[in-house]
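Consider the single chain below, provided in structure tokens and representing the form predicted alone.
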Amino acid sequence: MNNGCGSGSESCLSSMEEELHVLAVDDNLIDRKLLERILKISSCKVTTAENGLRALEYLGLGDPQQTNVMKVNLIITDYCMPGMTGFELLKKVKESSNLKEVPVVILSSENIPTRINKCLASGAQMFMQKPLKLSDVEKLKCECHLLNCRS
């Protein structure tokens, strides 16, 4: 799928004035640290959460009294997590009037077509296989730039 960036994604990325703020959600510490490192190498500001409920707290959806709400441009979440799956997090984000425009990318180590289709039909921007690679992040940044997901 060509999204207009092709292999020359540097031209797409060079016009980005603002740093992309990504909320990275994964229950596995190693996967979360790897994702954080790749995003930081790609010049993203990164906030991590160890589960879907913690992500909702960061986003201001966990506690109605919360005043310190974090603004993010992109959410990358693991699909399979205890307590709240990435799919359930996706649904909560898309139901929120404040967050429904924030792109959500679902990651999974399993390539299950019905799961992929369910996530995409529910508003996920993309469904990607783990482990995420640097080239995947550059592709995401480019697509996010084309979608104008800036603060």
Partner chain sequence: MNTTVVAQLQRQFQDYIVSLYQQGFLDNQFSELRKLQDEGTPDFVSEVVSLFFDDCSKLIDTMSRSLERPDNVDFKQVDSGVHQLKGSSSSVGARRVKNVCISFKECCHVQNREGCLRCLQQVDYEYKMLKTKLQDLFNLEQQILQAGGTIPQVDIN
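Numbering follows the first chain given and starts at 1. Everything numeric here is computed off the predicted structure, so don't read it as measured data.
Keep in mind that the form predicted together with the partner chain is not shown, yet the notes after this line are about it.
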Work out which of 69, 29, 112, 120 lies within 4.5 Å of the partner chain in the model of the complex, going by heavy atoms.
29
Pick from 46, 126, 38, 102: which residue has any heavy atom within 4.5 angstroms of the partner chain in the model of the complex?
38
With a 4.5 Å heavy atom cut-off, would you call residue 142 a contact of the partner chain in the model of the complex?
no
Determine whether any heavy atom of residue 84 comes within 4.5 Å of a heavy atom of the partner chain in the model of the complex, and answer yes or no.
no
With the cut-off set at 4.5 Å between non-hydrogen atoms, does residue 94 touch the partner chain in the model of the complex?
no
Indicate whether residue 34 is a 4.5 Å heavy atom neighbour of the partner chain in the model of the complex.
yes
Any residue of 78 to 115 with a heavy atom within 4.5 Å of the partner chain in the model of the complex counts; write them all down in order.
80
